[in-house]
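Take a look at this single chain, the form predicted alone, given in structure tokens.
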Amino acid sequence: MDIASRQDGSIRILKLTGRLDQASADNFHKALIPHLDDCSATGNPLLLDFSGVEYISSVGLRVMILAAKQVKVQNGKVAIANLTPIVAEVFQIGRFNLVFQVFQNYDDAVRFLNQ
């Protein structure tokens, strides 16, 4: 799992590439922590661009749940954009689309985070 980070105004954008599975989940979680810590009511909203994620396992979903819980406690805003078809199906089956604000494209996610 590769993570590229950039800033778009106040929004921190993480572009994820690869597989979010048993082999990469711990490293992904460790890399995500500083961004989650800053994703608060007074910090930066966080956009996770999943356009390069080809697979997510239950271990990867667990990391996502932990991230959602942390952001909620901090009154932050997080959104996910550009799910690949296979990952979108996993999100729908697991009802993760009810846990996260999920958008089909980057622009809609940015509009939500800028509200």
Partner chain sequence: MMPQKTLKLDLRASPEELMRSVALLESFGRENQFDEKLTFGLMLALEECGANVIHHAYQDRPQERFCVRFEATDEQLTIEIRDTGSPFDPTAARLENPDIDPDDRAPGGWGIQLVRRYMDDIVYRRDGNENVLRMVKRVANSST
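Keep in mind the model is a prediction, meaning the values are calculated, not measured. Numbering follows the first chain given and starts at 1.
Missing here is the form predicted in complex with the partner chain; even so, the following discussion is about that form.
Answer for L66 alone: is it within 4.5 Å of the partner chain in the predicted bound form, judged on heavy atom distances? L66: yes, in contact with the partner chain in the predicted bound form.
Do K72 and the partner chain come within 4.5 Å of each other in the predicted bound form, heavy atoms counted? K72 belongs to the contact set for the partner chain.
Are any of the heavy atoms in L48 no more than 4.5 Å from a heavy atom of the partner chain in the predicted bound form? So L48 does not count as contacting the partner chain.
Does any heavy atom of S40 come within 4.5 Å of a heavy atom of the partner chain in the predicted bound form? It does not: once the partner chain is placed as it appears in the predicted bound form, S40 has no heavy atom within 4.5 Å of it.
Would you confirm whether the three residues Q22, V59 and L98 all fall within 4.5 Å of the partner chain in the predicted bound form, going by non-hydrogen atoms? Verified in the predicted bound form; spot residues all in contact, yes.
Can you tell me which bits of 70 to 92 touch the partner chain in the predicted bound form, meaning any heavy atom within 4.5 Å? Residues within 4.5 Å: K72, I86, E89, V90.
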